[in-house]
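First comes one chain, alone, set out as structure tokens in the form predicted on its own.
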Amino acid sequence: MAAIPEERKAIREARIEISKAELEKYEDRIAKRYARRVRIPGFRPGKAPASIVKQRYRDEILGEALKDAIKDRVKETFPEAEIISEIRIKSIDQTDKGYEVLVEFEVVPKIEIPDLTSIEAKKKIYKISDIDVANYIEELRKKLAEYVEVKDRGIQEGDIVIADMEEYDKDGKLVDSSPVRIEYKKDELDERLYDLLEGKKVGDTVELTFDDGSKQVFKITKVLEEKLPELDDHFAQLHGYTSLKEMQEQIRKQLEEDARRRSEEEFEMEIINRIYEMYPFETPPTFVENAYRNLLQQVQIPQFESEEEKENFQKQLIAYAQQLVARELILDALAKERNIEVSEEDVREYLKFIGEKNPDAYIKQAKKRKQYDRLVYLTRLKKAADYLKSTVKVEMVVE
């Protein structure tokens, strides 16, 4: 990737100078604020001279004066920058004339929108088949499955095997002993253990030996067979449908809607990625951190077997957070460039799109809680995304 131009960077660094005369003006201003709220012996509240206040609170006033002066000077130096973080002081040197300060801060990078008609993107169309519907219903059946103990046959595919497991090291010393639950499925179980357990019954014992001489011994104590509920109208009624036929029809509609949304989201992200590739920019760390924290609240955190797995999961989530931030910045820039406006009816339609049942009541509450501007912003992003997808060249691909 080519070097990112300065205006498209999110982290800026600047060296600024604050003269003694300039700093003294800030000190005087802050000293007056102090004088109104501090008590100094011999003076009534708010009546102490600024010179005495400055002398008594010299370090505090100097620190605040520097902070305010630096903030104003940065804004003067970068009038077009939208600063989104605290201004961090990396180094500060006192000179005969005043102070030289090296600062760092985050800004919203400049986002360049190319000629959208020049972009070609593939849009995948996902078809829903009878098999997809059947598989979905089968998963619902599994959730209501019962497990019945069997004793008159050997272990078969899909059974649940309960066993007492003993683990020995290479010297034959017992290092662990615990009951285990094994799902006897070829695609999910260690191939050697799968073959060892095949056809075994309650009371049988199998040994799994490893290359280093250690081994695991499994004594089978129970075998459970999965019993799925009958696929009939009663099963459909348990899930809120009047009949099995209605259940199949409604699930197909749901899967088709899910497929349509997936298609639109992937199509949108492909366009976003194309724009980013053409005009790359830095994503502000503050925005990425906020997006990452939001994702942590939304996703189910898996159980990690190692620190490496945990680190990989975090890296993937951070990468996705960066992608979400890039998307939002591009859509916001597009909305501003194309002067996309939002009416209350647009907000109402947006709420319907995200599944809100009573948009009018939602809007009323949002206005009452002063959250309506956020709704307008999200609606504008949605309109920008729709504009984006309607403007580029589209190649349909049926999956």
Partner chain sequence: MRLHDVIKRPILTEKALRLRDEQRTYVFEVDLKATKVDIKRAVEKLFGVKVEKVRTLIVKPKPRRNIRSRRHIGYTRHWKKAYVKLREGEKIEQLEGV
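None of the values given here were measured: they were computed from a predicted structure. Numbering follows the first chain given and starts at 1.
There is another form of this protein, the form predicted together with its partner chain, and it is not shown here; the text below is about that form.
Contact residue in the model of the complex, chosen from L62, A366, I52, V38 - any heavy atom within 4.5 Å of its partner chain: Contact check passes for I52.
Segment assignment from 347 to 355, 24 to 32, 52 to 60, 329 to 337: heavy atom within 4.5 Å of its partner chain in the model of the complex: Selected range: 52 to 60.
F43 within 4.5 Å of its partner chain in the model of the complex, heavy atoms: Yes, F43 lies within 4.5 Å of its partner chain in the model of the complex.
Residue contact check: K47 to its partner chain in the model of the complex, 4.5 Å heavy atom: Because a heavy atom of K47 falls inside 4.5 Å of its partner chain in the model of the complex, the answer is yes.
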